[in-house]
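Okay, so here's just one chain, in C-alpha cells, the form predicted alone.
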C-alpha cells in the first residue's frame, strides 16, 4: 500500500477484508468528516501546549504487514483468561479459555467480530462513545481502523483472571489505527489488560487509536492500559467509557513510552450510582512529551468519580495534564475528586497541570487540585544518611511516590508486575 491517506486507501482496506456495506458506508462517512475538519493547532485550547505541525500524514503508510514479535512490557507470568497479540494490526496469536468461551464471552480481533458478530459490532462501533464527529483523529481512526480488539461479556458472567491484548508496532514510517471495543452486559464482571509496545522505531510513525467501553447496569470492569511506544512514535488517541446505572470502572493508565503522546480519557457516568476510579502512572524521560486530557462527565444523579494521576519526570521530559470534572444540571448528589501530582527530577523537566470544574448542579461535592515540585530533600537526606547513594535514594523516593496509586489497583498480581516495570524503567534512565 502506498504512502498517504486517501479515500482509495479506505476503499482498498475495506475490500481487502470483504466487509459488509454498512461498515464501508461508516468508514466513508468518517473519511468525509476527516477531510472536512481542520488539523488541530496550538491555537486550539486543548492543543495549546502540544505541537504536531511536524506530523507528515502524507508520508505515512496506512497499513503494514505483520513483523517481528514485540515483548509484553508487563512480562506477565501464569495463566490468563485469554490472550490476543497483534503485530502492525495483524493478529498473530489468539486464545480464550474454554471456561470463558462456554459462558459466552467473546474475545477476538475486531475484524473477526465484524464477520461473526455483526449485529453487536454495528450497534456499538463508532456510535455513542467515540463517533467520527468527535474530532479529526477520531474520524481518521473510524475510517482506517484495522485489527483491533472486541471483548464482550454476557449478562451475569463474572471472571477475575484477566484477558490480555498486546498491540505491537514494528514498521517505521507506518501508522496504526488501533481500535478496542469492550461491552459488559448487566451484572457482568471482568478484568482486561491492554498493552501498546514497540522497539526502537527510528522514523516518524503514528498510532491514532480509539477505545470504546460500554458498561451496562451493575457491570464492573477493571481495565489497565499500558503504553510503551519506543522511538519516534506519535500517539494521538481517545479512550471513552459510557457507564449505566450502578456500574463500576477501575481504570489504570500507565505511560512509560518515548516520543509524543496526546490522549483524551473520558468517563461518561450516565446512569445513577455509576462509579469511576481513574488512576494514572506516568514516567517521563529524554525528550518525551505527554499530554493527557481527562474528563469525568457526570450526566446522572448520585454518581461518583475519583481521579489520581501521578507523573515523575527527568531529563527534558514535559508533562501536560488538563483535567475536567463536568456535572450536568440533573446530576445532583455528584461526588467527584481530581488530583494531579508531579515531581521533577531534573532542572529541565517541566509539568503543566490544569484541573478544571464545570458544574451546573447545586447539590454536589467536587474538589480538585494539582502540585508540581522537586524530590523531597529531607527524604533524600534521610536515605543518604544511612549509606544509600543518591541515585538509589532517588529511585526509592520515586517508587514510593507511585505506591498509593498501585495500592488502589485491585488485581494484586498486576501490582507486583507494575512495580517491576517501574524499577526497570528507572534503572534504564
Partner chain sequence: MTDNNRELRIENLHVKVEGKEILKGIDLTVEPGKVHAIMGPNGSGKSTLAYTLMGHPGYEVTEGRAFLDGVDITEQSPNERAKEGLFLAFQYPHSIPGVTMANFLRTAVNAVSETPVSARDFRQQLREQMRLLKMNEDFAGRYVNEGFSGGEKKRAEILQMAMLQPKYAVLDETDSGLDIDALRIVADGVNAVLGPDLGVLVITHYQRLLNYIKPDFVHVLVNGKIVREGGPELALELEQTGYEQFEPAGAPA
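Residue numbers count along the first chain shown, from 1. Just so we're clear, the structure is a prediction, and the values are computed from it rather than from any experiment.
There is another form of the same protein, the form predicted together with its partner chain; it is not shown, and what comes next is about it.
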Looking at 396, 57, 370, 28, which has any heavy atom no more than 4.5 Å from its partner chain in the predicted complex?
-> 396
The unique member of 43, 53, 385, 362 whose heavy atoms fall within 4.5 Å of its partner chain in the predicted complex = 385
Examine residue 36 and determine whether its closest non-hydrogen atom to its partner chain in the predicted complex is within 4.5 angstroms.
-> no
Partner proximity in the predicted complex: residue 32 to its partner chain, non-hydrogen atom cutoff 4.5 Å | no
Distance check, residue 401 to its partner chain in the predicted complex, heavy atom within 4.5 Å | yes
Using 4.5 Å between non-hydrogen atoms, is residue 16 touching its partner chain in the predicted complex?
-> no
Of 362-370, 63-71, 376-384, 44-52, which is the one stretch near its partner chain in the predicted complex, taking non-hydrogen atoms within 4.5 angstroms as near?
-> 376-384
